[in-house]
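There is one chain below, alone, in structure tokens, taken in the form predicted on its own.
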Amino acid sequence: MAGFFITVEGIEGSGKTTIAERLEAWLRSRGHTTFLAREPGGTAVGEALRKLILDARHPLCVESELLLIEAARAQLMDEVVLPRLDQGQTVILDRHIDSTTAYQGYGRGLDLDWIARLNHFATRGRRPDRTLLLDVDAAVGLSRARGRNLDVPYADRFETEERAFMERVRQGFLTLARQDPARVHAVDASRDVDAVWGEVREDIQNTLPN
């Protein structure tokens, strides 16, 4: 039996990780076999690439940034996501293809058609069954993100971007939600986390096959 594939998306500071963790715990409590991972990451190769991608001390051209992200994704899909979906599990990813389109496409200005092709190649064409887009104002998201990572050993490449970049990314996410409303559910993430979680839980409850 095919599994169910959920992705949680949004700009920096939108609350993705918190919601993804709550979602996994809730689904487990209801008897689902679940797996939660983050992008980039989720495998030994992916986590090594993640450090390189996020560490702002290492300059990356935008093309390298995109290809490293896709490499980490291909490894995650091959090693973890596709096998677990084939086993009927529910897989939750904290970031996925929409982040690449929003950040490297709308944010960095890379060609959207090329990104779509690379996303398709890295995922072998397996798209999420449901995507939760946690939407928050760019200034609010950056403020949240920068306030929580004061003790990390390096500056995060994306959290150090200017507000204008993050606003382009946010608008990219919202464009993707408008283009694919059957898959992407946008949630107002400026609210209290319990309110956000309540809407997410209701949406998944109504979407997930019995």
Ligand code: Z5A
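The first residue of the sequence shown is number 1, and the count goes up from there. Model, not experiment: these values are computed from the prediction.
The form predicted in complex with the named molecule exists for this protein as well; it is not shown, and the discussion that follows is about that form.
Which of 25 to 33, 178 to 186, 38 to 46, 56 to 64 has heavy atoms within 4.5 Å of the named molecule in the model of the complex?
Looking at the other structure, the answer is 38 to 46.
Every residue in Thr18, Asp94 and Arg191 with a non-hydrogen atom within 4.5 Å of the named molecule in the model of the complex?
The answer is yes: all three residues contact the partner (heavy atom, 4.5 Å cut-off).
Do Gln104 and the named molecule come within 4.5 Å of each other in the model of the complex, heavy atoms counted?
Contact check for Gln104: yes, within 4.5 Å of the named molecule in the model of the complex.
In the model of the complex, Val196 touching the named molecule (heavy atom, 4.5 Å)
The answer is yes: Val196 has a heavy atom within 4.5 Å of the named molecule.
May I ask you to check whether Arg144 falls inside a 4.5 Å heavy atom distance of the named molecule in the model of the complex?
Flag for Arg144 set to yes.
Any of the heavy atoms of Arg50 lying within 4.5 Å of the named molecule in the model of the complex?
Flag for Arg50 set to yes.
Hey, which residues along 69 to 89 are within 4.5 angstroms of the named molecule in the model of the complex, non-hydrogen atoms only?
Result: Ile69, Arg73.
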